[in-house]
Every structure is written in C-alpha cells, then in structure tokens.
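Heads up, the chain below is alone and in the form predicted on its own; it's given as structure tokens.
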Amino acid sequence: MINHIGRRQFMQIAGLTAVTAGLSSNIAHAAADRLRLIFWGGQARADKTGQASAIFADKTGIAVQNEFLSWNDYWTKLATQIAGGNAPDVVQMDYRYITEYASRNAIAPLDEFVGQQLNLDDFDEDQIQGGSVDGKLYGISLGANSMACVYNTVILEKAGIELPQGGFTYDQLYEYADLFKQAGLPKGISVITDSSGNEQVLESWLRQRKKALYTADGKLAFDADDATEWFIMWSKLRDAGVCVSAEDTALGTGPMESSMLVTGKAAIQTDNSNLLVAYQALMQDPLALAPFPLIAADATGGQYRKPSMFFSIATSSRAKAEAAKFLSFFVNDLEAAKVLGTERGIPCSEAVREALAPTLTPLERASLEYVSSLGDILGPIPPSPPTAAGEINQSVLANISQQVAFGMQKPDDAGPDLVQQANELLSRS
C-alpha cells in the first residue's frame, strides 16, 4: 500500500552501485544507438512520451525503449534496477528525491553536457536551480507546475458551490459539506480527499504560517505544536464528514484510476496542476483547478512554481552523451513539444512556450493560466529537500496520518511522534 524508499535501501543501493561500477566491463549496458527510459504516470503520458520518442528516433537514429509504472510501483522498481546495476539510461526523477539519488551516486551530474549535447540557453533559471544539488545539475525539469485542487465541476455545481478563483479556506470546507448534504448528493461522496498524509498540502499549510518543511541546511522547519495542530485539524474534518474516510483513502494509493476523484469518492483531489489532463482522460465530468485550501482568506505564499518532474541520467548508463541528447530534444524540440503539450507541466523554455501557446487544448491552457495566475498565493521555491525527505514523507508522515485516521493514535501524540521520527532520520542521513 505504501512503498518505503528508505535510508537503508539507499545504503544498499549505494553499495551495490559501487560494486557494479567496478564490474562495468562485464555488465550489459545500453548501446549508443538505443536508450532505455523509465517514468511514472498514466496511459496518456505514456502515449505522448512514446510519440515524442519516435520523433527522436526518426531524427537521430537512436531508438528509445519506454517503460512506465504508477507512482508507488515506480520507486520500488527503480530502486531495484539501480541496486542491480541495470537502471535505464534516462530515469524520471521527483523534486523530493533528487538530493537523495544524487547524494547516493545513483544519478549522474549533467554539467559536462551543457552547451554540448544539452542545450539550456533558453531555459528558466529557477527550474535549472531546482534540478541542482550542491552546485551540480542532476535533473532537467520537464515542466513547471504548482500544487492544485483538481475538482469535479458537476458535483460542486449540483451542491451550489462555485470555487473562488483565489482559493477557498479550510473553514469553508465545513460549509461545502453541509451543502453536499442539502443537495442530496449520492451517499459516499465527500468534499475533499483526506490530505493529512500529503506532504505537499502540509507544506502549503506550513508556508502560509510562515514556516516550512525544511530549512536550507536540511533541518526540520516546524515543531511538534505545528504537527499536532495539523493532525487535529484533519481529525475534525474527518469527524465532520468533510473528507474521505480512512478505509476509502487506504484503497487509493495506487494508480490514478483508483484515486478518490476518479472513483467518485471525493469532489476535490489535492495533487499537481499538470495532472489535470491525465485526470480528465479518466473521467466524463468536466474538471477544473483551484489552489490548495487557505488557512485564512488573506493568507499568502503557500504555493510555489515547482519542477513537476525531472529527467536524470543513471550513473550506470554507458550512453550518457546520447541520453543527454535525448533530454535536450525532449525540452527543446518544437515538434516534440506539440505532442507533449503541458502534460508534464508548463514548458521551461520560453521559445517552446511561445510555439506551443496557439496549439494548446482548453485543458492545457487552463493549466498554464492556473500556474500564471496564483498572485500573492505564490511564494519562492524552497531549497531542495534533504536526503531523508523521501523516507520521512513515504514512511513517517504517511504512516502516522493513517494511524490517526484509523483511530490508532491520538493527534496529540501524533505531532510529537512525527517530529521525533523525522529528526531521527535527518540526523542519520
């Protein structure tokens, strides 16, 4: 249900990577005329990536073998492949994990390719910074996005709710739940997903309180009182029937098809803005975007323009130059850009954005306009998360939030527990 990408696993990965490096001459690697690519996502992303890869093959003669998995399955598979020394040449990487993979030598620095196979002349500087760890470039941002509430417009309209463009508050969620009941919506539909274990929603909530998940030097930037208040707030929302039950939430941690939005358990799903297109491909009811909930109507700075995901090159790849060429193609080629659209976020090249604008579908344009119109809700991008951030998110926060949701732990105990376990992992990383 929840996959763990922990420090112990990465220590194993690091050790095995060192071993395989010494045996490189005996290990089969990708040939220079063929690349392997692995990414997480749904069928819509796979189709677009396959079309772009075919264009790359036509132009360069380098074939690309694509493999995709759901988010949860992806990290386990990637860790296993890296441990076995057979990781694909190009791997999709998340902002949360890039520091960890770079520090474990699982992905390679890209600086030697910049200006050669990798053209970043027209690239947004904040997205280059987002892909850098300790001054070296480890990931090429495939698009900018921001956190968002993806909502079912039909259900909200039936309840008489029009989400304000500037965002709604946590207190308003109680009002929405009352309207759901008055509208006689089918039983079992909640207003919003239970996001108590969602790191991004927690981060937005903390930033609105002028705090953060982590400091620039990798320490925890919130305390036990903050965490306790967080779990208490979601317990109240759960008790009031505002958010999805613990039982249903536990079933929705796999593919997008099992998400609470697609299965009709929630009208509002907290996720990333670039996923609007993918969610819509799985649903008939029209969807739209709104910012994450606000702690108050005048709250600011909770959101930021985040690299939606990166492409990185595995350290074990024997075709790094060809892989860098593919990365450059993927973010700069105008023909590929028209195929890819904004499914992975808003393109980071100004030239690509200008070429793409007239071709966008209404949904893609909605994603672009959403990221461009956040106003005072938008704050600066935080530093790259520390090495242990992935394990804190997937193991500690997710598990404690589930324990609270199922009544196995009290919110008053969960807050200190979260901070203690997170600090222990940070101190050992």
Partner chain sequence: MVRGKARPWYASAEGAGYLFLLPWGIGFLCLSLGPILWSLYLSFTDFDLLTAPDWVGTANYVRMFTADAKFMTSVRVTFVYVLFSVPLKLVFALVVAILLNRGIRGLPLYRALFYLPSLLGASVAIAILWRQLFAGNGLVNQFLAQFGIEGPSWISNPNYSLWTLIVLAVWQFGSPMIVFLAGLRQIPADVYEAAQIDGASRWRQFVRITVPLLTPVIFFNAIIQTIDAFKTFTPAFIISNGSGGPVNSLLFYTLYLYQEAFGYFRMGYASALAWVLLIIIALFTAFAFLTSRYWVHYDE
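What we label the rigid core is the largest C-alpha set whose atoms superpose within 1.5 Å from one form to the other. None of these values were measured; they are calculated from a predicted model. Residue numbers count along the first chain shown, from 1.
The same protein has a further form, the form predicted in complex with the partner chain, not shown here; the description that follows concerns it.
Remark: Thr76 counts among the residues lining the partner chain in the model of the complex, judged by a heavy atom distance of 4.5 Å or less. Among residues of the shown chain, Ala148 is not one whose heavy atoms approach the partner chain to within 4.5 Å in the model of the complex. Although the partner is absent from this view, Thr359 stays clear of the partner chain in the model of the complex, with no non-hydrogen atom inside 4.5 angstroms. The shortest heavy atom separation between Ala83 and the partner chain in the model of the complex is within 4.5 Å. Remark: of stretches 104 to 112, 221 to 229, 296 to 304, 168 to 176, the one touching the partner chain in the model of the complex is 104 to 112 (heavy atom within 4.5 Å). Candidate site formed by Ile98, Asp194 and Ser384: none of these residues places a non-hydrogen atom within 4.5 angstroms of the partner chain in the model of the complex. For the residues Thr60, Gln43, Asn399, Gln51, the 4.5 Å heavy atom test against the partner chain in the model of the complex is passed only by Asn399. The single contact residue among Asp134, Glu257, Asp239, Glu247, judged by any heavy atom lying within 4.5 Å of the partner chain in the model of the complex, is Glu247. Although the partner chain is not shown here, in the model of the complex the stretch 402 to 429 places heavy atoms of Gln402, Gln403, Phe406, Met408, Arg428 within 4.5 Å of it, in sequence order. Superposition on the rigid core between this form and the one not shown places the CA atom of Leu78 2 Å or more away from its counterpart. Residue displacement note: Ser245 has its CA displaced by under 2 Å between this form and the one not shown (rigid core superposed).
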